[in-house]
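A single chain, nothing else alongside it, follows as C-alpha cells in the form predicted alone.
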Amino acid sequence: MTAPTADLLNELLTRARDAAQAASVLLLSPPADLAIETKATPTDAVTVMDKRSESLLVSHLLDGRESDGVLGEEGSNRPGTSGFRWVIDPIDGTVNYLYGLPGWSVCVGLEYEGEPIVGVVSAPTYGVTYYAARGLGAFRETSGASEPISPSHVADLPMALTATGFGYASTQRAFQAEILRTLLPEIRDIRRAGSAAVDICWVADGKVDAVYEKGLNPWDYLAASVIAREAGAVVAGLDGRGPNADLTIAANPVLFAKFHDRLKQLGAGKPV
C-alpha cells in the first residue's frame, strides 16, 4: 500500500482530535452512578463511562472509514482491511477518574501497516491536548492555541525528574516497588500522575525527563509514543525493541541510553 500523504495525515489527525475532544466533553459530565466493575484484579476498575467513551470514539473514527481496524481497551477489536488501525484508550487513568482526580486522559492513536503514525492525548482536567502525526511535528494545545513541543536536555541520571506507574496485581506492584527503591536515590525525584499516556507526553513536552513502566498495553502508549517521537524524544523497550508490556521507556535523547542501561541493570524488564 502507498504510504499516507501529508494531506491524508492531517485529515486523519483532525479526525482523531475531534474524536478525542468529543470523548473528553462526554467524560467531564459523569453520571451519579458510574456502575463500577472490575477486571483482572479488584483494584483494576472499569466504569460505564469507559464503555461510553469507547463507543463514542469508535463511532467518530469509523464514520466514513468502515474498513479501518480498531483496538480498544474495553473490547473493541476488529482487524479492518484498509491497512489502518485505530488504537484507543477511552480513559487512561480510570482510577483517577473514579476518584475525581486530575490526570486521566483520552488516547487516540493510529497505525498504518503496523507503524504508529498519528497520536492524540487529551487531558481535559489539565486543560491540554497533545497531538502529532508522523513527519508533521508534535504540539500542545491549550485554550485553543497550539505550540510545538520538545523534550528537555537533562543528560545525567542524578538530575533526571522521572515518572512511573504501577500495575494492579500485588505481585507486580511489589516487583516495581523494589526497582524504584533502588532507582530513587539515583535520580532527581519521582512523579506518579496515574496516566501513562500523560507521563509520556510530559517527556515530549520537557515537563519530566524520563518515564518507565512495566505492564503497559498498546492503547496505553501508542498515541503518546507518536507525540514523543515527533517532539524528539526516544520511546522504546529494552535492547532495541519497541515499547511493550515487559518495559516501556521514554526519555529525552541525551538521557535515554543511560536511563535504559540502568533499568536493564536493575532487571526492570524481567517477567514477574
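Note that the coordinates shown come from a computational prediction; the quantities given were computed from them, not determined experimentally. Residue positions are given as counts along the sequence shown, with the first one as 1.
Beyond what is shown, the protein has a form predicted together with ligand IPD; the following relates to that form.
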TODO: Answer yes or no: in the model of the complex, does ligand IPD come within 4.5 Å of a heavy atom in every one of 166, 196 and 216?
DONE: yes
Open item on the list: Going by heavy atom distances of 4.5 angstroms or less, which of 121, 149, 91, 133 would be at the interface with ligand IPD in the model of the complex?
Closed with: 91
TODO: Answer for residue 73 alone: is it within 4.5 Å of ligand IPD in the model of the complex, judged on heavy atom distances?
DONE: yes
Open item on the list: I'd like to know if residue 192 sits close to ligand IPD in the model of the complex, meaning any non-hydrogen atom pair within 4.5 angstroms.
Closed with: yes
Task: Non-hydrogen atom contact residue 230 with ligand IPD in the model of the complex at 4.5 angstroms - done: no
TODO: With heavy atoms only and a cut-off of 4.5 Å, decide whether residue 209 touches ligand IPD in the model of the complex.
DONE: no
Open item on the list: Heavy atoms within 4.5 Å of ligand IPD in the model of the complex: which stretch in 153 to 161, 139 to 147, 124 to 132, 93 to 101 meets that?
Closed with: 93 to 101
